[in-house]
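The form predicted on its own is given below as one chain in structure tokens.
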Amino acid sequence: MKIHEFQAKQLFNAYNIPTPKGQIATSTEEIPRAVEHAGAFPLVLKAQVHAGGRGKGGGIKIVNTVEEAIMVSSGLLGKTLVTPQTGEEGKPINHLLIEEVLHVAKELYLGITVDRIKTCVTVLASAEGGMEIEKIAAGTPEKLFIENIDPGIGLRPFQANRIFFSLGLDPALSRKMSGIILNLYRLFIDKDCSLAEINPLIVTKGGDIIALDAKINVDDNALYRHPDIASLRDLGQENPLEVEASRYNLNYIKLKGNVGCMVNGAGLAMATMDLIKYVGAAPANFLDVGGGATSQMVTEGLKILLSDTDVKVIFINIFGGILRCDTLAKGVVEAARQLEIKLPMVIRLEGTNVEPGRQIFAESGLSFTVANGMGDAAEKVAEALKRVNGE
């Protein structure tokens, strides 16, 4: 789960990670109070959306008077911000962060994430702050310092010192910087984060080290341990179909395609999307109903697929295990009758109770295309799509 920059900075402050003085505003009426709290002009107004590249999208503005702050805020609050990371649909701006402008001497990058190949937490640091870390890693990897953390020991002070010296800073800043690194790691572990990132982490002309930006993602599977963080979820920043899917414990991600996919198991879902691309179509989503799906979950999953206007063909690809094929078939038939599905539907079943599942489809009296194997299913999806497009 993502949280906003201002929420991440509140967590930073709780862990003694310095941040600029600032205040949040949700309406133009709140701007004068927020400006007063933030301090002397000039101030920066930062649109709070779950995406990077806000400056490029016009979501970060410097203001020099209260009147200018009100005018700029009226052009941002309630509007949609489009950045290189949001896609053309953009994200709604419902919060503005008003902060003091600091005099920057040096911009750094500091991030902590999980290295799934090495199965450990990893600290990333670079003296090239303010840039996208992916560009640094791809273009100048020698400028990115990587410190892997033994999960049984945790981040040790000597490692924090090693990270500090990789940045080429004045040794007089060692204590401050090492403290921030250790505190960020402590936050990462305490809150079950999947990402904790500061970009840029700045050194001011006065020798202070301050988190100018803040990004935190928390592992969804750990939210039950953190109701305080779960309460920070901003549904307005998420795709409505993904929000609806989460209510039924369905793993759903909206994509830009024309074939609606329902699959059980993440690996099979990825293979299914590859297969759809192979035959010249494009997946409209990633939908993993999971191994323990019920008929109701299947029904709700189909409702979500049908509510996506981009979907022209539905492809259900199930390998029966814990989710038996007959359970899936009952759910699909029930949903098809309830929702009066008009779209072509291709179904591939294998595994536990596959024959009873096929029999349920055959006796339903409804129009389903049941495929024999992955290759046959892909061809039938391509054929159905051509018919829909009138080819």
Partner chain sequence: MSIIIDQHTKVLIQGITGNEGAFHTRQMVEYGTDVVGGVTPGKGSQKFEGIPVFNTVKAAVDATGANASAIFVPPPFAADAILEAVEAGIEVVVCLTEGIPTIDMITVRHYMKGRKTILIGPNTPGIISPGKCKIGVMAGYIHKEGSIGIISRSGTLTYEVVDQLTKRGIGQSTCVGIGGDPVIGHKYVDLLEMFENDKDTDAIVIIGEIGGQAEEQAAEYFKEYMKKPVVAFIAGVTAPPGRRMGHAGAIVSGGVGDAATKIRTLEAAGITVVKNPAEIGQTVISVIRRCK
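Just so it is clear, the structure is predicted and the values come from calculations on it, not from any experiment. Residue numbers count along the first chain shown, from 1.
There is another form of the same protein, the form predicted in complex with its partner chain; it is not shown, and what comes next is about it.
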| note | Within 4.5 Å of its partner chain in the predicted complex, heavy atom basis, the matching stretch of 273-281, 98-106, 157-165, 301-309 is 273-281
| Residues 66, 70 and 229 all lining its partner chain in the predicted complex, heavy atom within 4.5 Å | no
| Heavy atom to heavy atom, is residue 189 within 4.5 Å of its partner chain in the predicted complex? | yes
| message | Contact with its partner chain in the predicted complex for residue 39, defined as at least one heavy atom pair within 4.5 Å: yes or no? | response | no
| query | Does any heavy atom of residue 235 come within 4.5 Å of a heavy atom of its partner chain in the predicted complex? | reply | no
| said: Residue-level contact is defined here as any heavy atom of the residue lying within 4.5 Å of its partner chain in the predicted complex; does residue 319 satisfy this criterion? | reply: yes
| query | Of 121, 125, 177, 202, which one comes within 4.5 Å of its partner chain in the predicted complex, counting heavy atoms only? | reply | 121
| said: Exactly one residue in 136, 209, 169, 268 has a non-hydrogen atom within 4.5 Å of its partner chain in the predicted complex; which is it? | reply: 268
| Within 230-268, which residues have a heavy atom closer than or equal to 4.5 Å from its partner chain in the predicted complex? | 242, 251, 253, 255, 264, 265, 266, 267, 268
